[in-house]
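Listed next as structure tokens is one chain, alone, in the form predicted alone.
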Amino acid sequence: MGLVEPLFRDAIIYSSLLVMLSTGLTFTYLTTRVPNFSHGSFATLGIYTTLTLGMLFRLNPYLSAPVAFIISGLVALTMYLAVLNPLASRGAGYLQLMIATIAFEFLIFSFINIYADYLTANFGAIVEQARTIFLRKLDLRVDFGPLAQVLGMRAAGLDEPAIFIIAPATTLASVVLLHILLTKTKFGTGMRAAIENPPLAETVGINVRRAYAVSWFISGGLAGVSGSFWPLAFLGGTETGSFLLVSIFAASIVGGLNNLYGAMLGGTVIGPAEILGTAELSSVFGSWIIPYRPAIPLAAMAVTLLFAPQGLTGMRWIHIVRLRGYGSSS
């Protein structure tokens, strides 16, 4: 018996992971002004990091998170230094850089598929099927019995998977640490200046390239951590990153692609809407509608682009409230 209904638990976990992913996507967009279509693959690298450490080396699956942060962060950094920055220096435009991110996505996707086949061929008895990954059995359980007794609830068997606690806590910690980095440190101030006005930042001695490189490393790292948690709660595989890309973009756009905090807001909106919305639609129309789950973030993205292109954080809420107040008074 769990403390929370499984559907709401999944919605909380999913939205937490989506916040980390959308924050990373927005972070990279602010540096290059190009949507990174390979961002989902950074999360897939995290999935296979957990599979490798958890199944092959029998380590605590949560030890995969820092390893995934480093691996995915280095891959993202390599992409920026070896692909995007050289192309931009040669005068490549928006379209060329966007195509480059798609090409890099194919490169990572191919590597992951090769690695999955390698695991299946050589460690099939351990990993079972490396293209269909579900590692909930590796997760720990958190006993809420003492809390239930304090609240006067029945305590027997009242527990939850650890990912239900660790995923939101990690997301909250990453948001707080990122806020501190950007607002309370000299390096963060320089990074914000490099993002907002690169030419001016260079004139005052800020190393714009280094600031961008750090932002790409952090972005890839956050995606890797999110991916490392994914198989502990949801089914994953080689195509998970591509599947998540629609939701990641939707969260960033709904919140505001030009605002880092908007990405955090967008993740908390799209995540529950996608999980709970799909469940509600399936109860009304039947289970056949479940595969069409990406239609929810797609619809949210379309509506946002049509009526609020700057996202939720770009809207003039005070002006809207005043208009509503004027309309109601009249």
Partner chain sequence: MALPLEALFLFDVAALLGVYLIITVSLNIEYGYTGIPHFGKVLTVAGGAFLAGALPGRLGLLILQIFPPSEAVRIDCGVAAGRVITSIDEALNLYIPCNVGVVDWLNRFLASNIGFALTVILATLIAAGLFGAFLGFISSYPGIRLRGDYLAMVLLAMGEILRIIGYNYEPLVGGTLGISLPNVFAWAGGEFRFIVATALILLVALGVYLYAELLVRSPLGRLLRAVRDNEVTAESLGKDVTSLRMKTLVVGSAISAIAGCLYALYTGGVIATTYNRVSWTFWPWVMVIMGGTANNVGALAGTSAFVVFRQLIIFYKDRLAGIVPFNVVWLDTLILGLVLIVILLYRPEGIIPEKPSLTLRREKLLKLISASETKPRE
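Positions refer to the first chain, counted from 1. Here the structure is a predicted model, which is why all the values come from computation and not from measurement.
Omitted here: the form predicted together with the partner chain. The next part is about that form.
Look at 134-142, 170-178, 90-98, 200-208: in the predicted bound form, residues with non-hydrogen atoms within 4.5 angstroms of the partner chain sit in 90-98. Residue contact with the partner chain in the predicted bound form: Val284 places no heavy atom within 4.5 Å of it.
Taking non-hydrogen atoms only, Pro35 approaches the partner chain to within 4.5 angstroms in the predicted bound form. The partner chain in the predicted bound form is approached by Tyr292, whose closest heavy atom lies within 4.5 angstroms of it.
Val246 belongs to the set of residues with a heavy atom inside 4.5 Å of the partner chain in the predicted bound form. For the three residues Ser242, Met301 and Leu306, a heavy atom within 4.5 Å of the partner chain turns up in the predicted bound form in every case. Though the partner chain is absent from this view, in the predicted bound form it lies within 4.5 Å of a heavy atom of just one residue from Phe187, Phe123, Phe234, Phe109, which is Phe109. Taking Met191, Leu257, Ile163, Ala130 one by one, only a single residue has any non-hydrogen atom within 4.5 Å of the partner chain in the predicted bound form, and it is Leu257. For the stretch 101-127, the set of residues having any non-hydrogen atom within 4.5 angstroms of the partner chain in the predicted bound form comprises Ile102, Ala103, Phe104, Phe106, Leu107, Phe109, Ser110, Phe111, Asn113, Ile114, Asp117, in sequence order.
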